[in-house]
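Here you get one chain, nothing else, as structure tokens; it is the form predicted alone.
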């Protein structure tokens, strides 16, 4: 029976080291922490960088986990399972709130809408399933960013596109907004993607509490928000109840 492959063990050790720290690490720090020669550590880091498991900061030369790992981290949960577990709760949320409901999951730096329940009235509506939404300009995306389902830095580095005069296009403004999302447990956008429209979303968690998607309600500002421009408290309560129910169905013990 073949034994373990040393290079793979070392690569795994480097990934764990980068995952366990709050900051980027330099080549010397990685090598000394794991007792590796610098040349060996550098070769493994370069290979991990080539497959996007590790990223190197151009200014400092230090390393951090790459975006590809974030996608792998949620790949255990099939999108179809996320959707199937959410359908009944999403339908109920639309009926109780009177608003449109969308379910989103991260895909290549965007939010992929995997389920959409129309607002239960006679207004003309367009099905959004399969649509890719900007992470920074919608409530679903803010939730995914705030809770680590998608990395923030590549988005900022690429430039935050402005959709309306309310869109958060400065990195410091987006950072403050994401801190607020984490503190509140839900995220909102008010006329940031389209004038006159607003939305609020909450995270959906899977096994281990990992955020695997988000569920949100959206509609005209005057229906979603109060006179001060904040989402209606009753709407947030309904939304968070639905998010918790779906999370429980997906095996999130804390919910």
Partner chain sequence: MVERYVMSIDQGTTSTRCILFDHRGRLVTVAQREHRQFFPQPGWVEHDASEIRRNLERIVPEALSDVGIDVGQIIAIGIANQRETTVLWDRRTGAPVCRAIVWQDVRTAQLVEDLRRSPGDAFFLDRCCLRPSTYFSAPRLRWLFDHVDGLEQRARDGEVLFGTVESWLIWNLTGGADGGLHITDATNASRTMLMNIRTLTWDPELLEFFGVPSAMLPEIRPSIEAYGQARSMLPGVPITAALGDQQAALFGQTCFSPGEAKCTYGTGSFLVMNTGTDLVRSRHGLLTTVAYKIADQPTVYALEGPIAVTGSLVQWFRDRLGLISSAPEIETLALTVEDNGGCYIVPAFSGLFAPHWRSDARGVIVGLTSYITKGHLARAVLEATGWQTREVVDAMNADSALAMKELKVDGGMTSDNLLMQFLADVLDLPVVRPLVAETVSLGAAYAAGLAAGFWPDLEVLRRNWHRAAQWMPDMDPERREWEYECWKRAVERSLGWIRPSGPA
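Under this definition, the rigid core comprises the largest set of C-alpha atoms superposing within 1.5 Å between the forms. Here the structure is a predicted model, which is why all the values come from computation and not from measurement. Positions refer to the first chain, counted from 1.
From this point on, the text means the form predicted together with the partner chain, which you will not see here.
Judged against the partner chain in the model of the complex with a 4.5 angstroms heavy atom cut-off, the residues 165, 176 and 222 are out of contact without exception. Proximity to the partner chain in the model of the complex, defined as a heavy atom within 4.5 Å, holds among 81, 180, 153, 161 only for 81. For the options 120, 109, 148, 185, the one in contact with the partner chain in the model of the complex, meaning a heavy atom within 4.5 Å, is 120.
Shown alone here, residue 157 lies farther than 4.5 Å from the partner chain in the model of the complex, counting heavy atoms only. Within 4.5 Å of any heavy atom of the partner chain in the model of the complex lies no heavy atom of residue 169.
Although the partner is absent here, residue 88 is a contact residue: one of its heavy atoms lies within 4.5 angstroms of the partner chain in the model of the complex. Not displayed here, the partner chain is approached by residue 94 to within 4.5 Å at the level of heavy atoms in the model of the complex.
Relative to the superposed core, residue 197 undergoes a Cα shift smaller than 2 Å between the shown form and the other one. After superposition on the rigid core, the Cα atom of residue 52 is displaced by 2 Å or more between the shown form and the other one. Whereas the displayed form keeps them at a certain spacing, the CA atoms of residue 212 and residue 52 lie at least 3 angstroms closer in the model of the complex. In summary, the C-alpha positions of residue 179 and residue 52 diverge in the model of the complex, ending up at least 3 angstroms farther from each other than in this conformation.
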